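Below you will find one chain, with nothing else, as structure tokens; this is the form predicted on its own, and questions on how it binds or moves follow later.
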Amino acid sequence: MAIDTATGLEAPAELSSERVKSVFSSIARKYERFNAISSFGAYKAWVAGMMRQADIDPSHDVLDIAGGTGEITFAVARSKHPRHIQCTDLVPEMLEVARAHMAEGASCGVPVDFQVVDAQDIPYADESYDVVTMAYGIRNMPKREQALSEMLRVLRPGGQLVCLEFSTPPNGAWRALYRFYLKRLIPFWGGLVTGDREGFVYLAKSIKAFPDQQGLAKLMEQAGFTDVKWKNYTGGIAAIHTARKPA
């Protein structure tokens, strides 16, 4: 089933895919600055948490889904030094920024390749990768079940999925404050930093409509993943899910 990622309601997949391309192509060169400002720097702790939970060693091949400007790709390169990283994203303009970082030495010598890829139809062979990483990606995919099934397919037996995504604070007061922040401040910061306020209205809606921690874990299990776990960060504003392909 395809959904409108802004509402969670059933809708043609093209609606969300084209909107995501439009939003992220226009903000690509200012996306990193927005992340730093809008999260008050908390995103650094989230990425560090991903690296602690990622079971990656120097013999591994890593696929970074929705790799964007390369933040997770280069964090993996710096902290884990795998054999190879394939950095993919739906939006070419985001990958252009990642390539520029690569040219500046961000990969620390780790071989990295870049390709425009729709994660709902991954163009790689079965059992090609030891680990799949993904940050802020699954929320923008209208065919989430299909995307997760594709990630499972390209993982080797026993391989790991590590997924950072915005989530739902369990505490009611914190959750209400967060929803106010999403509705009012995310569009404000987005408009101020990038000039595209409406794009960030969409992003705020997509976060609100996204399943909570248990809901995402259920989607992973339904796709065939096992050993699904999550850890909350910043009171549950973000959560890191890990899962395994059966050995």
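Values in this document were obtained by computation on a predicted structure and should not be read as measured data. Note that residue numbering begins at 1 and tracks the sequence as displayed.
The form predicted together with a small molecule exists for this protein as well; it is not shown, and the discussion that follows is about that form.
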Practice item. Go through Ala98, Ala77, Ala119, Val132 and name the one with a heavy atom inside 4.5 Å of the small molecule in the predicted complex. Key: Ala119
Check your understanding: Thinking of the small molecule in the predicted complex, which stretch from 24-32, 214-222, 174-182, 55-63 has heavy atoms inside 4.5 Å of it?
Key -> 24-32
Practice item. Examine Glu150 and determine whether its closest non-hydrogen atom to the small molecule in the predicted complex is within 4.5 angstroms. Key: no
Review point. With a 4.5 Å heavy atom cut-off, would you call Ile85 a contact of the small molecule in the predicted complex?
Key: no
Review point. Can you check whether Phe114 is within 4.5 Å of the small molecule in the predicted complex, heavy atom basis?
Key: no
**Study point:** Val162: touches the small molecule in the predicted complex, heavy atom cutoff 4.5 angstroms
**Key:** no
